[in-house]
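For reference, the chain that follows is the form predicted alone, supplied as C-alpha cells.
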Amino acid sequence: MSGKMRILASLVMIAIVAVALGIWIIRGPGPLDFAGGTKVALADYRAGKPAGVPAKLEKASLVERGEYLAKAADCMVCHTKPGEKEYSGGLGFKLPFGTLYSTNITPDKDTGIGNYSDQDFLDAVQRGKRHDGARLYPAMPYTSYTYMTDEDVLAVKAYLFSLPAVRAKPPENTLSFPFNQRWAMMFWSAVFNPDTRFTPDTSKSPEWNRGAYLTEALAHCGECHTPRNLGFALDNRKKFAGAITAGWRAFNISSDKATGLGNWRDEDLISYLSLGHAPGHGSASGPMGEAVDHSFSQFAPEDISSIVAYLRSVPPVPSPDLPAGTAPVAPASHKDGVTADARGKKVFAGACVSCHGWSGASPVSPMATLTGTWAVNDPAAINVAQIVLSGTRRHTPDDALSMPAFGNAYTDDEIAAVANYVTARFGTKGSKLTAKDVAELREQTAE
C-alpha cells in the first residue's frame, strides 16, 4: 500500500471513529442502564412476569387483555381529537416547526389500520414504520414502545380491531423543511431507537421489574419527564429530571428530595397516580391530568405500587431552576402577604378566589388547593398560565373538581398578571411572565 493510501485509510478510520464517538455521546445511556444489574431474556426470567396484564386478567380474553394494555399505553388520548370518535386521530401537536396530526388507529381499511397485518403493527409500534413503509415521527413514542413484548403489542392490536371502524382522515401535517422529510427518520431511528424488547434485571425484585416495564415501555413516562438531547431523543443522563412538553412543564419525577419525588410518601404517589391528587402536593392537570383519567386510574393497584417502587430507584437529578421546597400557606386575608401585581390580584379576586381562597387552601375542594403544588412554586409559571388558559377537565375520581378555561375571557396581559400574582403569593418566588410569553404558550397547546 502506498503512503498516500495509508494516509487516506487512516483518515477514513479516524472519521469513522469520530462519527461513532459522536453518536455514542449524543445517544447516551438507555433508560434502564442506571440499574446496572444482570439482564436476562424475558423467557429466561423465573422470578415473576414483568410484562403482560395483572394476575386478575391472566385468564381474560385477548381483547380484554389488549384493552388493559392499550389504556396502560395511553393510546386513546393522543389518537382522539376532542369531540370526535375515540381512536380516530386528528389531534394536532403544535411544534416549533409546524403541526403534526395523530393518525386514525381504528380498523377502518381506508383511513385507519384495518389493512395492518400482525407484522405491520409490530413494525409501527416497536420500530416506527408504517404499513406503506413510510417512517413515523417520534411523537409516536415507539422508542419507548419498542420495549413492549410482541405478545402485548398484538394484544393491543386485537383490542383496537374489536372497535368500530371509523372513516376519518386526519389533516395533512404542516411541518416545514427539513422536518417534513419522513425518509430522514430512518437515520434518526437507526441512532435513537434500540429496537429491543424489555429484559428483566435479576438483581432487582419482581415488583421493580414490573414497575420498570410499565414505566418505561407502556406508560412511556420518560417521553414527557426526561429532557431531550441535541438529536431530540431522550437524554437519560438527566433521566426524569423534567421537561417542557406540548407547552406544559412535566416536573421532575426522579428521587431527588428537593425538586423530585424523594420526599413524597408512597401513599402520596399512589394517590396522585390513581386519582390525580395527593394532599400537600396538588392535583394533576393538562397532559398529566389526561394520563391519570384515561390511563393510570385504570391500572390495577399492584401495578401502581410497582411503578412507585421503580420510581424510588431512579437516581436523583436536581432541577436547578426550581426552589428547594414549596411555600407554606399564604395569609387568610388578601390585605396580608405579597401583592406583586395589582392587576393580577384584581383578576384573581374576580375569577379565582372563590375556589382557591386567599390562603391557597381551597374552601371548596382539596383538588383546588394551591399550597404545596409545584405549579405555583415554578418561577416560570408555565403550568399556572396554561391552566388559566385551558382550564382542567378531570374525570377521576367521579366527584373530581374541574376548572373552566379563561383563555377567551382574559387578555394575554391579564393572564400574565394573574400568573405572576399567584406565583408570588402562593409560591416561593414570583414569576415575570409577559403577554408575549402567554401568547407563545397559547400557540404550543395541542389543537
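As the structure is a computational prediction, the values presented were derived from the model and not from experiment. We number the residues from 1 along the sequence you see.
A second form of this protein, the form predicted together with heme C (HEC), is not displayed here; the remarks below concern that form.
With the partner omitted here, the stretch from 136-144, 229-237, 197-205, 330-338 that lies within 4.5 Å of heme C (HEC) by heavy atoms in the predicted bound form is 136-144.
Contact here is defined as any heavy atom lying within 4.5 Å of heme C (HEC) in the predicted bound form, and by that definition not a single one of Trp188, Ala212 and Arg312 is a contact residue. In the predicted bound form, heme C (HEC) lies within 4.5 Å of some heavy atom of Ser402. Contact annotation: Pro107 falls outside 4.5 Å of heme C (HEC) in the predicted bound form, judged by heavy atom distances. At a distance threshold of 4.5 angstroms between non-hydrogen atoms, Asp303 is out of contact with heme C (HEC) in the predicted bound form. Mapping the unseen interface onto this chain, His220 counts among the residues with a heavy atom inside 4.5 Å of heme C (HEC) in the predicted bound form. Of the listed positions (Ala168, Ala165, Ala158, Cys355), a single one reaches within 4.5 angstroms of heme C (HEC) by any non-hydrogen atom in the predicted bound form, namely Cys355.
Counting a residue when any of its non-hydrogen atoms is within 4.5 Å of heme C (HEC) in the predicted bound form, the hits in 377-391 run Asn383, Val384, Ile387, Val388.
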